[in-house]
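Presented as structure tokens, the chain that follows is alone, the form predicted on its own.
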């Protein structure tokens, strides 16, 4: 059977008409091997609709879902500080605007949407672009008893329309589509689109502001997470052509390190006006100690509402961890020699360049 058959629509009928489960399981596996994880998950779901205890279908569906649903969802849901701060801000915003329509972008489990409903909002639309997550969020909402107030839309917010998906423009936007470096999940472009197409002119936007903070770091263990040299009698340095040019997430406190500068604000964003146009800034950083600079560590602060701030600073045990960008080559720094640091973002990713003549051999 080729990968185009059977199509998921109407496939239950084909099973009922005599298609063997073994052939259908092979189709699900083929979709998975092709990287079509959502289609594979749906194929296995169809089998489970006929045979709920089919172990191969259960495992196949789970493997496909694991490929398309990041594991950080579970750690995020256990981030109590993040949840408490969002809950406080949502309660305050809903209380200030009785009857407000709430739009939750990137709903995930539906937690923030349900918080809005619990706070008294009677009209909440939660959009989630990942189909398996959206379907599960709808079940979570139903089990929690909030399906009379919360409607889950399985669609990217940038494809939503008024009145097609929203009966009217929303009065309150709640979103948390940020990564460890703030911009990596497209928060700038998504909010800008929502302001133009989905929100009322005087809508409350949560988060309202954000800023990115960076610091120079000495840490051989962090540098080794992204670089290799001579090992075991071989020069493995050519493998570094595959290393991460931008940042990766890591918990700074879990790695031996020294700070070589004070934290500095790199970018600030007002989500009521910001868009995804690229930005670039040049900074002169005075090291606070002599040492070997291996990386720039950075993190964010998000103001949900005035006085309510969420962050992933190193001193907090946030599920976001911190963003780490390693230098291609370590640099010697010392207090009497300022470091020229260039920070840039393309609307979705922050990247740093460091200019110095003191390269470590």
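Positions refer to the first chain, counted from 1. Quick caveat, the model's predicted, so the values are computed rather than measured.
The form predicted together with a small molecule exists for this protein as well; it is not shown, and the discussion that follows is about that form.
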item: All of 73, 108 and 155 with a heavy atom within 4.5 Å of the small molecule in the model of the complex; value: yes
item: The small molecule in the model of the complex: contacting segment from 214-222, 122-130, 94-102, 281-289, heavy atom within 4.5 Å; value: 122-130
item: Contact assignment for the small molecule in the model of the complex, among 135, 268, 235, 185, heavy atom within 4.5 Å; value: 185
item: Contacting member of 151, 169, 227, 82, with respect to the small molecule in the model of the complex [4.5 Å, heavy atom]; value: 82
item: Any non-hydrogen atom of residue 190 within 4.5 angstroms of the small molecule in the model of the complex; value: yes
item: Interface membership of residue 206, the small molecule in the model of the complex, 4.5 Å heavy atom rule; value: no
item: Contact label in the model of the complex: residue 177 to the small molecule, heavy atom within 4.5 Å; value: yes
item: Residue 77: touches the small molecule in the model of the complex, heavy atom cutoff 4.5 angstroms; value: yes
